[in-house]
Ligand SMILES: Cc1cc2nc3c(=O)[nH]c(=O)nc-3n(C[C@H](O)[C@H](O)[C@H](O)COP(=O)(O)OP(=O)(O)OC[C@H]3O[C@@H](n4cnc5c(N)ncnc54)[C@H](O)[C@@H]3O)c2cc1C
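Below, in structure tokens: the form predicted on its own, a single chain.
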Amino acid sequence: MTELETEVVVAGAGPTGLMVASELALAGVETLVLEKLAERSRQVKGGGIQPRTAELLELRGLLEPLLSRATSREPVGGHFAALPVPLDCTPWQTRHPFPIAIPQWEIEEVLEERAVKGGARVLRDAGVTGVAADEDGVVVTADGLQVRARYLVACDGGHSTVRKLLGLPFPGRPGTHQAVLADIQLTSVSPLVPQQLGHMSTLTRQAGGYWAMTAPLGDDRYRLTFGRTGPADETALTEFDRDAPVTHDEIAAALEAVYGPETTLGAVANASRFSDATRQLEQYRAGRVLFAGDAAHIHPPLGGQGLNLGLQDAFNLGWKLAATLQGRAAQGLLDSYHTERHPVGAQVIHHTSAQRVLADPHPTKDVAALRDIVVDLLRLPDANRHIAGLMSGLSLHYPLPGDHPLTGHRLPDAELHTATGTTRLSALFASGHAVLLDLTGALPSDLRLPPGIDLVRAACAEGLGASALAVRPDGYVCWATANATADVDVDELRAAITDCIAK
């Protein structure tokens, strides 16, 4: 058996695992990613980047290479429960108000390239088969390989092997509906088949006992999601086999029922089954093992939440784990990963459960009436803003200590004027460091900061609501003041940095 040592093992080379690896590599942490698949899956799966995730990717210079691979779509907002009212993110002051359509494998390629360039290693055909943890680290076994590491980050999906090996419960609700996701090519199409990516409500249709959502990808390729419109059959879901092959005839029957006989199925690139099961780990950390992405939480696939939730887990965890390994973490910083992200996962489970009811393909009269009321509410600007912030991630804030209204919130990507020229706030975070931003000369010139925090003095015509701010590597404010130079409490600033970033 081959034996290796590394600082961190990441189980799973999906978007979450590769984002964790990229963040760790950026900080100089030796990282090994173990992936059970011999080759990257080219199934579309999660294919949408929400506005807040786009902002986070831009902090690391990852958004531009992803945009070059994105699928063309109408500039229209996201959705809540596929209801026919676009969500308007512009009140949240973002440069990226619309979801970005991009196949998951394209996201993985960009993230893996960045992680490997930073020094991370990715081993494929190396699924985890054993985990033994102690107070000092973990030993991970993977098909003839044994790796000793200080930490293991499990990003190995909703059926996480790591979670099962540790015997951790995954409480929640089993699925009551099942569906098929397929990447297909059509040789002919009826006028009912969508020909441009737009709002989800324009891509969905019900007929002939089926519901379907068809997203055009170009070159006669489509992403098809479909299921039956009959009442939920909990007995059938008990016997649901997600690994059962999806046949060509099964897909063709759904296409003909929903889009008519003029729609002809050609090739099927790949297809899989899924359900609307909802589950969440009670703790995202088990000693030296941490969980992120679908390994920590699963929920109905409504509103493009899963991939984004996982990537944002990774952004929260990566810098905290790196600081811990390098001996510069504040007391309890790594534990704050669970404290901050578990409620976010629970919130997504909560609102996707509500969407599951509203989007039911076989609604009762009461659900149909409720749907009408929610549509009316979404047309009200304040209600739309609230749901847009929820679905996009732009309204997320963490309960960090401090009484300034910006504390725990994201900042808009404002234009800044520094001694070396004009830049944007997002450009300050490419190194993965925290940033102490002095906008008015409020901070003393001899201020000493711990490693991993960059002091930037700049002017901002737009105004950010503070004279100075400390912003974590994941883009959330952990300290802010409106005081002038003579009134800044430097001890309070140091305490905030110690509590929230580093010692």
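Throughout, we count residues from 1 along the sequence that is shown. Everything numeric in this text was worked out from a predicted model, so none of it was measured.
The following text describes the form predicted in complex with this ligand, which does not appear among the structures shown.
The single contact residue among L307, L87, L416, A149, judged by any heavy atom lying within 4.5 Å of this ligand in the model of the complex, is L307. Checking L34, A466, A434, L57 against this ligand in the model of the complex, a heavy atom within 4.5 Å turns up for just one residue: L34. Put simply, R410 is far from this ligand in the model of the complex: not one heavy atom of it is within 4.5 Å. Among heavy atoms of L181, some come within 4.5 Å of this ligand in the model of the complex. Shown alone here, D276 lies farther than 4.5 Å from this ligand in the model of the complex, counting heavy atoms only.
For V128, a non-hydrogen atom is located within 4.5 Å of this ligand in the model of the complex, even though that partner is not displayed. The stretch in contact with this ligand in the model of the complex, judged by heavy atoms within 4.5 Å, is 35 to 43, chosen from 35 to 43, 458 to 466, 434 to 442, 472 to 480.
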